[in-house]
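Consider the single chain below, provided in structure tokens and representing the form predicted on its own.
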Amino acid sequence: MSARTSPSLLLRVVPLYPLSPRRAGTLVHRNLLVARRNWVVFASGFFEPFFYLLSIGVGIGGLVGDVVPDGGTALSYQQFVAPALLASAAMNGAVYDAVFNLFFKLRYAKLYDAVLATPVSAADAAVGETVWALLRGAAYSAAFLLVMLVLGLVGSWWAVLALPAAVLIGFAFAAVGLAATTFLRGWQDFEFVQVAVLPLFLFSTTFYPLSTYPRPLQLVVECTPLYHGIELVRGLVTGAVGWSLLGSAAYLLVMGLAGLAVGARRLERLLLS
């Protein structure tokens, strides 16, 4: 090797480290610049949970009355639904960015072919895309939490931890979404994503307490990730804080780390094979 070879050229040929937060951050910065030019599309993701809150929480809530969740404290239907919609906003924001946008970049824009010509590795790209997706989910969650505060749907100071909890939810679903995207063969496979996401949204105690389900279905619901995300956010927002929330947080953390490990390996195999 010539003595005049620069360190940057060496990094391009033989990456010295398998993973770098700085290199992953360059991809997050790139996505931020793109989002600034399409900020209307980016901001539109906030309105879905907001419209659900107005139509179901406020509209139907006037007919339902109070709800007694598993914690045993009666809540108005709006107070019951709003934390679940906050958790769902974090999930949807992360999943749709990690799945739809990533698939387009991977299969059609061929973005990562250019990215790998730089010191950014496939693992860096996986981490960067996961971080960007969870940031998007966190942005929607922060805006929705502000709406809840204005409407008087926040009942405890523990709610300050609801945003970090939403970030954790976004991380779990973004990482798994990234891993799932590497298995998609074409646009028709997005039906499988809807089949997975929609039942989670409808049945993870978003609109009904767990006690309304028969016991076999309760066991199924208790195994789903969004249920744990909703339990975590609902407990913090309403002040029903217990040790079980740590279990829900651990569930989401393990899910995110496992999804990120699988996604990084699959992305590297797809790009370098």
Partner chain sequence: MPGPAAWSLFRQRLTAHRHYWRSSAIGSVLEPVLFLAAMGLTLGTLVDRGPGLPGGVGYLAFLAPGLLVAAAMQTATGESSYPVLGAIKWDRTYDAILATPARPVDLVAGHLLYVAFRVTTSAAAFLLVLLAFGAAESPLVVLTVPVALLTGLAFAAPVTAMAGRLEEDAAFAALQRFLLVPMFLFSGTFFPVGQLPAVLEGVAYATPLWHGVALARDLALGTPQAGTALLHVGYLALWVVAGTLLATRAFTRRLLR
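Every value quoted in this text rests on a predicted model; they were computed, and no experiment measured them. Numbering follows the first chain given and starts at 1.
Below, we refer to the form predicted in complex with the partner chain, which is not included among the displayed structures.
| field | Three-residue site V58, L63 and F192 fully in contact with the partner chain in the predicted bound form at 4.5 Å by heavy atom | value | Yes.
| request: Check whether Y77 has any heavy atom within 4.5 Å of a heavy atom of the partner chain in the predicted bound form, and answer yes or no. | output: Flag for Y77 set to yes.
| Even though the partner chain is not shown here, does L33 get within 4.5 Å of it in the predicted bound form, heavy atoms only? | No, no contact at 4.5 Å.
| said: How about G239 - does it come within 4.5 Å of the partner chain in the predicted bound form, if we only consider non-hydrogen atoms? | reply: Contact check for G239: no, nothing within 4.5 Å of the partner chain in the predicted bound form.
| According to a 4.5 angstroms non-hydrogen atom cut-off, is V41 in contact with the partner chain in the predicted bound form? | Yes, V41 lies within 4.5 Å of the partner chain in the predicted bound form.
| message | Which is the contacting stretch out of 111-119, 125-133, 149-157, 199-207, given heavy atoms within 4.5 Å of the partner chain in the predicted bound form? | response | Residues of 199-207 come within 4.5 Å of the partner.
| field | in the predicted bound form: members of 173-189 within 4.5 Å of the partner chain, any heavy atom | value | Residue within 4.5 Å: Q188, and no other.
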